[in-house]
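First, one chain by itself: the form predicted on its own, in structure tokens.
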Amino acid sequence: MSYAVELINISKSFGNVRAVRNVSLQIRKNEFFSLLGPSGCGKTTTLRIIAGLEEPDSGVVKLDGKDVTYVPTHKRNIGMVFQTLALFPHMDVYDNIAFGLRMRNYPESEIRKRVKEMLEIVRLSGLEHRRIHQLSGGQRQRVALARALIVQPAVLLLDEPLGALDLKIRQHMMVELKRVQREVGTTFIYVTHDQSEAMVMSDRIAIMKDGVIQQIGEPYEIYMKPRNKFVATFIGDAINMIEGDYLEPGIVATSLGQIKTIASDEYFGKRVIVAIRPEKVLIGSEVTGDVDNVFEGTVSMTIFRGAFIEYRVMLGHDIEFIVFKPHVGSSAPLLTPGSSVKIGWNRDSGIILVE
């Protein structure tokens, strides 16, 4: 199988700092693939190596099955969109989008046709004669996207292009980017530190830490089956964790008592973490006799989140559980701080992790 992009044991250091460590990954054609992680994790360096803006110290970069490790950027058939956008302020929307085709000496008739098509795809028809300063932030993003896509690159690289936008525009642009990628069918490789961007847009995500890929998978897989503690805490709004010892099949001994769970034999005899997403935790009247794990606690905080209520519940002296309870259609009164309450979860809701 020929991948759009393949990295084989890529490493890169800057002085004593190892930015990327033996990174290997395969990105499929027409895939929306995100590199996600905190600042300094190596995701932008990885993107720049794919672009040819940095040479790896070791390893191989392939585009469409061909070794391009030392091929210059302008010969790689890639497009790039960065946070700064670098649009030409003295040109209108039409000329900005047409720029790449003109540099390649396309005839004006072909340029007009392709620009018109691209304006429709990014939903800027009718704005072709606007100057850049007359556009909103989201419209400028679309111009930059159209300018990069009009030359029909095999791969489009995007380095945190939504970072400068406010929340509402950013949320709208996430959906727009996903729509455009589906419509044009180009492979997108997207770098971000914002998990919501990666989760909304991506077919698959690679999570990085300290230059190392921690996990690659579809958003649902990474959320529901994180490979380690870092991934579990980095993805999602919150997660509850209790340390314990996996001493017998299906049982983890913790400071709260025994927790029933589902785990493979590889964890037997090890110190593990039982992790439970807040939306998987039952509370109050939801906790019935057939719930596998039930504990008594005290509500320490009640937070209204719009679509759900967030409860903070103290179990014992030092373990605080977060519970997300949808309230739409519920007539039950809110639990107030100081209330005694039962919480619980079923054994298949727990995720077993190691450090």
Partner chain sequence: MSIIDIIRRGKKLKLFIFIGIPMIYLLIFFFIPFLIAFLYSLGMFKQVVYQYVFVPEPSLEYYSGLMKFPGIFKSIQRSFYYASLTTLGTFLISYPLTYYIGVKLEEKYRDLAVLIIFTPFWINFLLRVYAMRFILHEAGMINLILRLIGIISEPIKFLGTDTAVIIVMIYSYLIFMVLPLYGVLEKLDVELLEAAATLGATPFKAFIKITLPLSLPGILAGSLLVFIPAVGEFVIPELVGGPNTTTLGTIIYSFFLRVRGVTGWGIGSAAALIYIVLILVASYVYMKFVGGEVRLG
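Positions refer to the first chain, counted from 1. We call the rigid core whatever largest set of C-alpha positions still superposes within 1.5 Å between the two forms. Remember, it's a predicted structure, so these values are computed and weren't measured experimentally.
The form predicted in complex with the partner chain exists for this protein as well; it is not shown, and the discussion that follows is about that form.
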Quiz item: Taking Lys66, Ala154 and Arg179 together, does each of them reach the partner chain in the predicted complex with some heavy atom inside 4.5 Å?
Solution: no
Quiz item: Which one of Lys270, Lys260, Arg131, Lys113 is close to the partner chain in the predicted complex, taking close to mean a heavy atom within 4.5 Å?
Solution: Arg131
Quiz prompt | Close approach of Gly211 to the partner chain in the predicted complex, 4.5 Å, heavy atom | solution = no
Quiz item: Can you check whether Leu53 is within 4.5 Å of the partner chain in the predicted complex, heavy atom basis?
Solution: yes
Practice problem: Find out whether any non-hydrogen atom of Met174 is located within 4.5 angstroms of the partner chain in the predicted complex, and reply yes or no. | Solution: no
Self-check item: Thr233, heavy atom within 4.5 angstroms of the partner chain in the predicted complex
Solution: no
Quiz prompt | Interface stretch in the predicted complex with the partner chain - options 246 to 254, 165 to 173, 196 to 204, 88 to 96, non-hydrogen atom within 4.5 Å | solution = 88 to 96
Quiz prompt | Residues within 4.5 Å of the partner chain in the predicted complex, restricted to 252 to 271 and counted by heavy atom | solution = none
Exercise. Inspect the rigid-core superposition and answer whether the C-alpha of His90 shifts by 2 angstroms or more between this form and the one not shown.
Key: yes
Quiz item: Under a superposition restricted to the rigid core, does Ser255 display a Cα displacement of 2 angstroms or more between this form and the one not shown?
Solution: no
